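Form predicted alone, single chain, as structure tokens, below.
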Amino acid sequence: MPILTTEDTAERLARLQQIIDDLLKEAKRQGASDAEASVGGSAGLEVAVRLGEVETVEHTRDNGLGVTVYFGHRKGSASTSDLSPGAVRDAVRAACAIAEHTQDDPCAHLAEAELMATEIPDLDLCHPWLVDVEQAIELAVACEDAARAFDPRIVNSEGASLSTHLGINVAGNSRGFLCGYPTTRHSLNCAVIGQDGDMMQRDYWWTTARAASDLDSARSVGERAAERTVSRLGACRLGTREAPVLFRAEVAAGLLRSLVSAITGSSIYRRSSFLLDHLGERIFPAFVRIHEEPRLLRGLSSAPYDGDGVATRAKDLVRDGVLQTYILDTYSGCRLGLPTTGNAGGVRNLRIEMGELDRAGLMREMGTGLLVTELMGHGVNAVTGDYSRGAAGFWIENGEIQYPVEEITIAGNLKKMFAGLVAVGNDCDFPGGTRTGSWLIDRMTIAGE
């Protein structure tokens, strides 16, 4: 039988809201001047297969509650997975005891009441998938079979897996905020191994969505995983050189995440960012616009309010190449003397304005250079912006792929890379909350043989 339904969603939502309401009253009873809490539960199904055989079938059910209390500007936090009334009272008591031993922090406080989300739109985030274990196994097997049948050089598999989850989260605080809503997330992925002579390669692909109807087909996911694997066979190393670099779309998303990390409030007030004091300055070419859409319908990162209960809103992070805002929650905003931007918990549905060129067009624009399809390691210095990552991909000449490459390192500096962005493609073909096409960077160092 399917394990995820909406039959008890409304009843469970009401029960979780009551838990938060009772918790806030208990915090006040114990002397807290303010309090905030979130509580949630989830249920899910995960199946994994390999070489046509079932490896795991896992049913999951989780609960969790976190509470923070304030005594003036002293705060304490506690959590529990037990949602019984006694356990909730104990969690509040533990948070209050912790607050007694903390120092005053003038920025330890809730957001102002007028900033709290009051209207909660339906963002179409909940689409339970009525799939049972047998159907889930069939889809995973079909995905892996499509990959294994794609090319005779596919000789082994790391398997395919399918997951489906329904969760409900409720948040509230003593400024009058109390809201919650259900969400779903479904995914299917596959990874296979190819061999040509003594050369072996591995690659993967995946699909994820709020609604099962928005997932790519099992066949297409498997074939994409196999095609990516086969294309890497015969890879070689490059000699050290400088050349233009084209980051394939799903890899370019990591560059956007590096930008977000650099302009997050905690990095700024700690003075540990290479974009410190760059607010209002041009950091990209004038054609670049980067923005977030936190209330995107069915968005994988959508939310009507942030972790502080503050209403989310669409905003430009970069417009005409100029940095427009830092990414702030209530605490980091206070530390910087700025208002919160409604980003407690991060950026939601990050977007960069895409250009007119597809990937083939970007390769022709580049002429000769490196197409990066995979990055390894964590060689990013957040303070200086120095960037050095292991990479694999393809060498391009005359706008055409010549051969796959591996065991190389690409290096540069993120400030120079951002300023040297030549074009953003329209080839966004991967799932996720961050949406971008491929990025063409004018020049980087490529270290190889």
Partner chain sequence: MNDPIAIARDRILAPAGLTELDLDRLLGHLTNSAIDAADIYFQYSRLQSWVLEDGILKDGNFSIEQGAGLRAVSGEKTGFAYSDELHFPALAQAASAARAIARGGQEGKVRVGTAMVERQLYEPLDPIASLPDQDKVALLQRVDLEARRADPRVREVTASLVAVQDTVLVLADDGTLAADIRPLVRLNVSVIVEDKGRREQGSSGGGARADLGYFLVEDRALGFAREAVRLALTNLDAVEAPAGTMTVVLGAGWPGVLLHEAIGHGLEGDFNRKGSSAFSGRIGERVAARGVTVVDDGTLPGRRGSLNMDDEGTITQNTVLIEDGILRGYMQDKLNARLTGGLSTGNGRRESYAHLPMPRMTNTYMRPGDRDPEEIIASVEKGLYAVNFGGGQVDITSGKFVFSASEAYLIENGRIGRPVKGATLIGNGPDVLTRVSLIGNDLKLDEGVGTCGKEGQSVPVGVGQPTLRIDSLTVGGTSQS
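Residue numbers count along the first chain shown, from 1. Owing to the predicted nature of the structure, the values given are computational and were not obtained by experimental measurement.
Unshown form predicted together with the partner chain; subsequent notes refer to it.
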**Request:** Only one of 365, 293, 158, 250 comes within 4.5 Å of the partner chain in the predicted bound form by heavy atoms, so just point that one out.
**Result:** 158
**Message:** If the cut-off is 4.5 angstroms on heavy atoms, which of these, 213, 135, 118, 79, is the one near the partner chain in the predicted bound form?
**Reply:** 79
**Item:** Partner proximity in the predicted bound form: residue 57 to the partner chain, non-hydrogen atom cutoff 4.5 Å
**Value:** yes
**Asked** Might residue 390 be said to contact the partner chain in the predicted bound form, defining contact as any heavy atom within 4.5 Å?
**Response** yes
**Prompt:** Using 4.5 Å between non-hydrogen atoms, is residue 217 touching the partner chain in the predicted bound form?
**Reply:** no
**Prompt:** Hey, in the predicted bound form, is residue 28 touching the partner chain, heavy atoms inside 4.5 Å?
**Reply:** no
**Asked** Quick one: which of 349 to 357, 319 to 327, 138 to 146, 93 to 101 gets within 4.5 Å of the partner chain in the predicted bound form, going by heavy atoms?
**Response** 93 to 101
**Fill in**
Contact check, 398 to 432 vs the partner chain in the predicted bound form, heavy atom within 4.5 Å, ordered by sequence, gives 406, 407, 408, 409, 411, 412
